[in-house]
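One chain comes next, on its own, written out as structure tokens in the form predicted alone.
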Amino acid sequence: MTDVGRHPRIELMTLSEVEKVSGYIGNFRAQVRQKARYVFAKDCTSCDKCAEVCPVVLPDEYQQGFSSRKAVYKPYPQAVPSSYLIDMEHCLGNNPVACTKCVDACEKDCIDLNMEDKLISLDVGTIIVATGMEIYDPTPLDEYGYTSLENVVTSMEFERLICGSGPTGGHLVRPSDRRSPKRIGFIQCVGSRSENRGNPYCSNVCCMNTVKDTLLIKEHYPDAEIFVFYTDLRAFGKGFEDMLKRSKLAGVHYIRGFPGEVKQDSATGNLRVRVENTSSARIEDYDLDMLVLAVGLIPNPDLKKLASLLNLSQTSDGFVMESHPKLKPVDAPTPGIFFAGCIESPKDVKDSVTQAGAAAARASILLSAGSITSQAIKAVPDLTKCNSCGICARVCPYGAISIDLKAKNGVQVVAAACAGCGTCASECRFAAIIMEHFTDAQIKAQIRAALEEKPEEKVVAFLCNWCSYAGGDLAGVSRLRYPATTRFIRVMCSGRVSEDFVLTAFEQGAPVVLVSGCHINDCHYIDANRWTVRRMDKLWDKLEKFGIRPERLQLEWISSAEGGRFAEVMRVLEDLRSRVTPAEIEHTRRVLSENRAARETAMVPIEEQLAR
């Protein structure tokens, strides 16, 4: 970090927050709020005189509350810039001014209690997002006594207790009586790999962090007894298995089983842990001086806000989703944005550094290219039909569409930002947006060709290119059997499937229509499939009004890895098709044919209708 701060071509902005991001790949504009430090960093020499006279004493967040700091403080010893700042929320020198001791003590006149935040605009070509992660708060898991027992600490708190720059100078003591613990226990997977408490995913670093801590303890306190309670130990990585073996050879006891009860002796402060040892099939009690909870990693709490600013997609666990897990592991779905570190998933330092290098390389390729190429599947507005309603701009996942509602001069599409999902074209009521290479005419021609002969024996399926269609490929490669009655129509996204496509298929005699795409929160186009859900809800209501069974229109989420599920869905559709009667099909065709004129009239702008 020191090298970064000294680099002539790197501008390091600390205490800063991104408030707004606009533009597209190669032409981003970010608005950043640089919060007031109330200390001029360039002039501060870190003499510590201001902190010496400050009367406000607060818990030190960096030391996990085991020591204290003043209202004027340095966040941590290696902070960059190496200067003090003022916690104005707790400072007595503002609103109203009741204390100016730090100002009087500063010989360099570095302190300005009236300093204000700055808004800075940055024009950048690419963005790398590396917001890190947070530590899981084990407070809800009260069976381990974290909220009530002083000698139960988290792994992060334990790191500060054993660190040479920590509050105890590297001497391991337990919080209750400052006595060096002789028997220490570790509980793995606290907040990880559990559905009903914590998070369902593995946090990646917890096992090896515990193994490292056991070796550190044994190195400094050879007589200490250490017990690790676990379900599975995951030591994947170079040298990690050897490190685990070293820990076992050093005398660390690994017990396969989670504690079900933790009690404290009120006189000594010692802990009694009851564990079901699944290896020996016995209930065992362990007397410990200290218990460490190996807590997992969670996404940064501010990530949800940042994801909305940058049009990022988040998976069900809260981390962001990459453009492609294998081919583009550091690219965001929004072109020109890249990921590094734990924003994408929990990972250790080595993997974070590797991903950071990959993100920097990807960004440098774009910046050095001068121009970019992209897929030709783009949205093209037809300004003769557009009435500037603004729906397309609202549904675009990438913010590629802009419209001036006051000027009413039609939509403007930034081709570099458009990813070609087609959601805007499906939502436009006036057919004012044309999707190149996936036009309405091309898709309707596929529908008519598929149902030209014996339509009552066929199912029409609109499949998302990235997930459902790929799932069908996997089913074929895996030689999974399913009925041959389904006719597949590939679209880039389920968001491209408009109401008109579905009704056209029914009007041509299709007994059953399927719309399938990526799982919710896993959409290749950020959140385009959420608009699919809304559109299908409206369609089901419309079909019911027409006297058509709504279940004849199916909506399924199938990923590219679910070949078996794809085949099963096809079998279910065939069963549904066999139960649709010829009378139902004829009724559907007649009703929709009679209603077609009204549907086509609704797509004409009101001005043109009045002119007619």
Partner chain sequence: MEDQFRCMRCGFEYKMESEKEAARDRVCPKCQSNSVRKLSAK
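Note that this is a predicted model, so its numbers are computed, not measured. Residue numbers count along the first chain shown, from 1.
Although not depicted, the form predicted in complex with the partner chain is the subject of the following passage.
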Listed residue (Glu551, Glu52, Glu61, Glu586) with a non-hydrogen atom within 4.5 angstroms of the partner chain in the predicted bound form | Glu551
Candidate from Arg530, Arg246, Arg429, Lys444 lying within 4.5 Å of the partner chain in the predicted bound form - any heavy atom | Arg530
Is every one of Tyr38, Leu113 and Asp117 within 4.5 Å of the partner chain in the predicted bound form, counting heavy atoms?
-> no
Of these, 554-562, 42-50, 65-73, 29-37, which stretch puts a heavy atom within 4.5 angstroms of the partner chain in the predicted bound form?
-> 554-562
Though only this chain appears here, would Ser83 touch the partner chain in the predicted bound form if you measure heavy atom gaps against 4.5 Å?
-> no
Is there a heavy atom of Glu150 lying 4.5 Å or less from a heavy atom of the partner chain in the predicted bound form?
-> no
Taking heavy atoms and a 4.5 Å cut-off, does Trp540 contact the partner chain in the predicted bound form?
-> yes
Asn521, heavy atom within 4.5 angstroms of the partner chain in the predicted bound form = yes
Heavy atoms within 4.5 Å of the partner chain in the predicted bound form is the criterion; list the residues of 305-324 that meet it.
-> Ser316
